[in-house]
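Just the one chain here, the form predicted on its own, laid out as structure tokens.
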Amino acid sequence: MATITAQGRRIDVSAGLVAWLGVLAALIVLGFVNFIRQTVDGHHLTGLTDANPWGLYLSGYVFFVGISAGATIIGLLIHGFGRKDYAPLGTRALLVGLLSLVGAVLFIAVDVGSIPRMLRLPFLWRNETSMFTYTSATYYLFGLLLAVELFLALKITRGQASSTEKSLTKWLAIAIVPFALIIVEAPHGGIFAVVKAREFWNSPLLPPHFVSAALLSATAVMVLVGAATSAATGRRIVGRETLSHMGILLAFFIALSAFFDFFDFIVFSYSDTITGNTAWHFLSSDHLPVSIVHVGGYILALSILLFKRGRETPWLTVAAAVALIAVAAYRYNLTIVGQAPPLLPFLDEAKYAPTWVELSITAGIVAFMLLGYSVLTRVLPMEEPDRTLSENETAP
């Protein structure tokens, strides 16, 4: 094991870490090469068509914007509800939120193809009645707020923040939650909900459904971050009571998301329309495996968390991983199946399957986020050095 110094901190670099970073770097290079191919040769390398213009890229965009918005709840717990036991996750949650937002924008970039044109929205190109104009503007502002809060959190961690900066961090952490969930994420669901031609999307339940799924996915990610950090450092960064509380939150958000899913199912089962029947045909045939992962994942994760032992680290980690995969399946089905019914009776059903190019680019974007997190959490201080665990937080 080698040791290097960065930002005045000693960083241990093990062979396992080097191998992990090497794998991530290889995935990034592969994804970038295929993105160049896609840019030069065109989107015919993907499974996207005129009838099915949204695919894996848009699913990834929806998924990671949700994680970015939902991750702000950690700051609210710390500063709004006085849960100082969550403090070791505070800076990490901001980093996860910012990297997830960057990843979501990258998914949009590879989907539209022309990045220079994308960057003109909403500064040069804008339509005030378009949800895309609104959401693109809120992403810039949300990213700026996350960056400012992360900067202030790092100053506090280094012990360099003034009392004014500490107060600003507290109120910013509280205010950013309604901004992220109401201003950013709910209208994000509105992008789908306002499409009247697509019955599968056109529902007033979709914006709050997006919010619940965002909170669910972000909570699951932070559980996995806590478990992975403890495994990598050999010490428990949050205590048993904190983990149990995170398990309760995760169970609540799963139940809330399942509530919205249930009434989506009820509405479509009673609608008896051609569009609704076609959507259910896809969910129960071509997309049945993904539907099972979605619904079955919620049931399995919630079943684990209902038991007291299910909120201990090993089982809680399993439940969080299963719940996160279930949310990803929900986002994928929502995006793909919503486009399946033909808009005109003489058109065929739109069928989509991601190609190797799409899969490699998606893996590259995810690897980029993981690489950024893996490096920055070792270079930047993530928690105050003088923090000690209380007796009920001490690792066995």
Partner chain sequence: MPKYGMVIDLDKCYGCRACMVACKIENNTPEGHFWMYTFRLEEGEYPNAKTTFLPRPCMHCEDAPCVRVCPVEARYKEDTGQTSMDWDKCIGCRYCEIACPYGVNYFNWEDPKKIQYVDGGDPDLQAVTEGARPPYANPDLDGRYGEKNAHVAGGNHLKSVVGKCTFCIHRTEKGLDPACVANCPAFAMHFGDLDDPESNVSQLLQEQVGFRLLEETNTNPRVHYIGGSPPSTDAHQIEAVKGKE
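Values in this document were obtained by computation on a predicted structure and should not be read as measured data. Throughout, rigid core stands for the largest set of C-alpha atoms superposing within 1.5 Å between the two forms. Residue numbers count along the first chain shown, from 1.
Below, we turn to the form predicted together with its partner chain, even though it does not appear here.
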item: Sole residue of Asp85, Asp286, Asp111, Asp261 within 4.5 Å of its partner chain in the model of the complex, by heavy atom; value: Asp111
item: Answer option from Ile174, Val318, Met118, Ala228, heavy atom within 4.5 Å of its partner chain in the model of the complex; value: Met118
item: Option from 146 to 154, 190 to 198, 92 to 100, 249 to 257 whose residues, in the model of the complex, bring a heavy atom within 4.5 Å of its partner chain; value: 190 to 198
item: Residue contact check: Arg126 to its partner chain in the model of the complex, 4.5 Å heavy atom; value: yes
item: Non-hydrogen atom contact Trp356 with its partner chain in the model of the complex at 4.5 angstroms; value: no
item: 4.5 angstroms heavy atom contact with its partner chain in the model of the complex for Leu48; value: yes
item: is_contact(Thr133, its partner chain) in the model of the complex, heavy atom dist at most 4.5 Å; value: yes
item: Members of 335 to 366 lying within 4.5 angstroms of its partner chain, judged by heavy atom, in the model of the complex; value: Gln339, Leu343, Leu344, Pro345, Phe346, Leu347
item: Pro345 C-alpha moves between the shown form and the other one by 2 Å or more, core aligned; value: yes
